[in-house]
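Starting off, we have a lone chain in the form predicted on its own, written out as structure tokens.
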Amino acid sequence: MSRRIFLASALAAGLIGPVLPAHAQQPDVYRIGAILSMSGSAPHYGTVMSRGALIAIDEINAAGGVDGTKLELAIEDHKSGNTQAAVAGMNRLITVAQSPAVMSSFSGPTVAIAPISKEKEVFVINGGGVSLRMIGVSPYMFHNRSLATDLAAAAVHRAQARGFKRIAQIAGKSEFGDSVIAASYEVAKKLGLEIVAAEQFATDATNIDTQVAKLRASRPDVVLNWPTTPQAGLVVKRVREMGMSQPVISMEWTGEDTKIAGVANSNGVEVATDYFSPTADNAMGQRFYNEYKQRHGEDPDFYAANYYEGVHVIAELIRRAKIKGGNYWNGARLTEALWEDPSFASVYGGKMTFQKNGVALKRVAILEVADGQLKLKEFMAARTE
């Protein structure tokens, strides 16, 4: 078994000795937990997330670890979103692996482990889920993926940068849709922009003509398209078929959306989203990209980047907490160290800063759909106002 990967099941079976007890001030290894989708219907996510995390583990260990102490990764499988598996995995990470710092993924599992994080004071950082349900559920829980409201704010800023003043927006009828529309209203008001229409439809709707007709009647300069796949594509399809030629800015876009909307209708759609692409001014990103490409023969996506970044955040928090001495290897001390200075180097370039709600603000990509492909136009700072 590789020293960099720890299997809690092996320890439970008596194959590996336990780490130092929780009261010890200096562990012999910093074991970081991860609850990922390693099996089930979506193992791709766990694969790329664990790859990103392991590159960070190896990179830090090659440089001597954290002040001479190495890192390990303890992986538990939530089986593509099974909340019971996530809770069981979290408990094993605490009692068997004795990991006071855990990386989570998917919104449902992250919410499910929040009560345990709160009760046991386990530091959690999520780099995959985007649901607003995760906000405020544990004082020890943080997110280094941009959540929906921050992406919405970036999209409104993008609309302003392009000179648009009259904004129409459309979303599904859900907690997600409500929160994104509310966030857009707030940012638009601060920027002096006018929301001329805000329509919502059932999340399983296939006919949205009534809502699109109202958008058209409002005569906007731009349409902010908030649904996820495949309804993001449906909105663009009906907007174009009903004669609207206004630019569209979305929060999510996949090949399935292009298929539904049609290639011609999709051309020119912009997408404000998390997106990893190394640039010449980003040494950390270049280093990660090169190593991932060499190991796996493909470009890393933003999920891989987020878990690489998450390991670096935890390692930096260990350094900060250790300086103050005492029993620093616990979630409460790591959280305290984060709030003392919420800014960290980002693999996306520059700095990211954790907001009061626990979500990191980092730069957001503006992509453009061209002939069915997403192409990077530029990076911009994610802002909430």
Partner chain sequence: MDLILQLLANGISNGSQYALLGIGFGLIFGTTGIVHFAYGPVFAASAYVMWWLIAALGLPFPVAVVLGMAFAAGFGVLAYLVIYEPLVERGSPSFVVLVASLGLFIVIANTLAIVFGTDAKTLPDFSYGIYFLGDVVVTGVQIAQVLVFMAVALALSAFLKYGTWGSAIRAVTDNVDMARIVGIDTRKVAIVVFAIGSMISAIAAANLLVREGASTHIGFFAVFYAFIAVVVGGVGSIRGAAIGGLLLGLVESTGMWKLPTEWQSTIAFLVLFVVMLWRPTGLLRGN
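We call the rigid core whatever largest set of C-alpha positions still superposes within 1.5 Å between the two forms. Positions refer to the first chain, counted from 1. Since the model is a prediction, treat every value here as computed from it, not as a measurement.
Only in words, not in the display: the form predicted in complex with its partner chain, which the text now covers.
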*Choose one stretch from 258-266, 310-318, 183-191, 160-168: the one whose residues place a heavy atom within 4.5 angstroms of its partner chain in the model of the complex.*
258-266
*asked:* Checking a candidate spot here: are D209, A213 and R219 all in contact with its partner chain in the model of the complex (at least one heavy atom each within 4.5 Å)?
replied: yes
*Report yes if any heavy atom of Q200 sits within 4.5 Å of a heavy atom of its partner chain in the model of the complex; otherwise report no.*
yes
*Tell me, yes or no, whether P43 is in contact with its partner chain in the model of the complex, where a contact means a heavy atom of each within 4.5 Å.*
yes
*With a 4.5 Å heavy atom cut-off, would you call S343 a contact of its partner chain in the model of the complex?*
no
*Using heavy atoms and a 4.5 Å limit, would one call V196 a contact residue for its partner chain in the model of the complex?*
no
*Going by its partner chain in the model of the complex, which residues of 224-248 come within 4.5 Å of it through any heavy atom?*
L234, K237, R238, R240, E241, M242, G243
*asked:* Aligned on the rigid core, do the two forms place the Cα of G243 2 Å or more apart, comparing between the shown form and the other one?
replied: yes
*If we fit on the core, is the Cα of Q286 displaced 2 Å or more between the shown form and the other one?*
no
*asked:* Once the core is aligned, does A304 move its Cα by at least 2 Å between the shown form and the other one?
replied: no
*Knowing the Cα distance between K356 and Q169 changes 3 Å or more in the model of the complex, does it shrink or grow relative to here?*
farther
